[in-house]
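The form predicted on its own is given below as one chain in C-alpha cells.
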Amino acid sequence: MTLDLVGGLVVVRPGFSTTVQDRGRPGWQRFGVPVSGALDRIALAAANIVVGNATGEAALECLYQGCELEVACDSVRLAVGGGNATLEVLDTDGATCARSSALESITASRGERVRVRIAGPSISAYVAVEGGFALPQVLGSRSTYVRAALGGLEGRALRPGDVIPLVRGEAEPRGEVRLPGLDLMPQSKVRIVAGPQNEMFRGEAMRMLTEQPYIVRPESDRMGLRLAGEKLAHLKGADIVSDAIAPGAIQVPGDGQPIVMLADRQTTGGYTKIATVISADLPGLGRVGPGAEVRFELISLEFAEDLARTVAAEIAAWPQRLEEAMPSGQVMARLFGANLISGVIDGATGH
C-alpha cells in the first residue's frame, strides 16, 4: 500500500501479533462469519475516548509484545489502552523525547517513531489514533479476521514496511488528556451465568468449575481461552446438535477441559456449554495469558444484566472524566526550561 496525500503510520516492528480491531461485525453469524473485534473492548473504548474518537473506532490490537511505528504525516495523536502499557516517542536519532502511560494521549510528528511497550501482566494493548484509520470496512467492520483474511490491512497481522493510512494528516491543536482511575489489569475472578446446557453435566461439575482454579493453556488464541484444571464430567457425552456460540460461552469438549469462546469464536459448535462469562467480565479475559489462574463465580442472570448496565453507564461518563495530562518527557523539558531558582551558591567559595 502506498501513502496518499494525508499520510499514515509505517510499521517498523510489528510485534508478535498486531492487528486492526474494532467492535467487530455482529449480524453476520447466520452466514458463518465470526464477529471478531477487540478481545478487550473496554481498553479499546477507553483509548479511543482519550484521543477523541467514538468508542468503537478501529485501533491496533497488540498481543504479548508492542509494536514500533514511524510517523509519515505532519503529526498524529495517539493513546494506548492496557494494563501497564506505555507509548514512547523517539526522535530521528532514536532517543526518547516523550513518553506517556496508559490512557494518556501523546502527539508525534513526521519522522518520529512511536514505540508501544507492554510491561505485563496484561498481554494486550490497544493503540488508538485521533481520527482513526482510512481503511475500508468489510461487512460493516475494519476488524481483522485472519483465518478468512477479512478486514484490517489485507486481512492479516501487520508486517514490517506496512503503511496504515490515517483519516487525519495532522493532530488537532489542543492539549493532551488522560483518563484516570480505570483498572485495565487482568482479573482472576470471572463471573458466569449457568447454561445453556448445564443440565447435561454431572451434578458436581458446576461446583468444580466455581470452586477450583483453572490455568490458561499456551494454545489459547483469539478464538478461545483454553483452560486446564478439574475435568467437568458430562452425563451422556460432550456432543450435541450444533447451535449458536455466544461470546463468553464455556464450551466443554470430551476431555472435560473448559474453553471460553472469545472474539474469533466459531459461529456454531457441537459441544456442550456449561456456563457463559458475563459481558461485564469478558474483556478482562482478553488480558490474561498462558499460565494465568482463572476462578469462576456463579451469579444470577438478573445481576449480570445489572452489571452490564453499570458498565455501559460508566463508559458513557468517561468523556466527562478526562483531565489535562502532560507526557513525562515534556514534563522534564518544561522543568528544565523554567526559572525555578533565584540564584546559586558555589559550595567551595560560598559565593
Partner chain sequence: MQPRFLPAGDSALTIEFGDTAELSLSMRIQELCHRIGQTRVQGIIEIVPALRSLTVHYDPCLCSAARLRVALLPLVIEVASALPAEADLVEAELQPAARRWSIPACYEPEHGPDVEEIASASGLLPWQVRALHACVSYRVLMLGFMPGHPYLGDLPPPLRVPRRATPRTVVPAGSIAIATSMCVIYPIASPGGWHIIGRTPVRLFDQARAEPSLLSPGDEVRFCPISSSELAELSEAADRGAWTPVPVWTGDAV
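Positions refer to the first chain, counted from 1. A quick note: this is a predicted structure, and the numbers were derived from the prediction, not measured.
Quick note: we don't show the form predicted in complex with its partner chain, though the next part is all about it.
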Tell me, please, which stretch of 55-63, 302-310, 315-323, 287-295 lies within 4.5 angstroms of its partner chain in the predicted complex when heavy atoms are compared? 302-310
Answer key: of Leu135, Ile278, Leu182, Met206, within 4.5 Å of its partner chain in the predicted complex (heavy atoms) is Ile278
Pick from Glu172, Asp255, Asp243, Asp91: which residue has any heavy atom within 4.5 angstroms of its partner chain in the predicted complex? Asp243
Using a 4.5 Å heavy atom cut-off, state whether Ser220 contacts its partner chain in the predicted complex. no
Should Pro247 be counted as a contact of its partner chain in the predicted complex, where contact means heavy atoms within 4.5 Å? yes
If you check in the predicted complex, is Gly37 within 4.5 Å of its partner chain, heavy atoms only? no
With the partner left out of view, is Ala233 within 4.5 angstroms of its partner chain in the predicted complex by any non-hydrogen atom? no
Full three-residue contact with its partner chain in the predicted complex, heavy atom 4.5 Å, for Leu139, Leu150 and Thr268: yes
If you apply a 4.5 angstroms heavy atom cut-off, which residues in 199-230 are near its partner chain in the predicted complex? Glu199
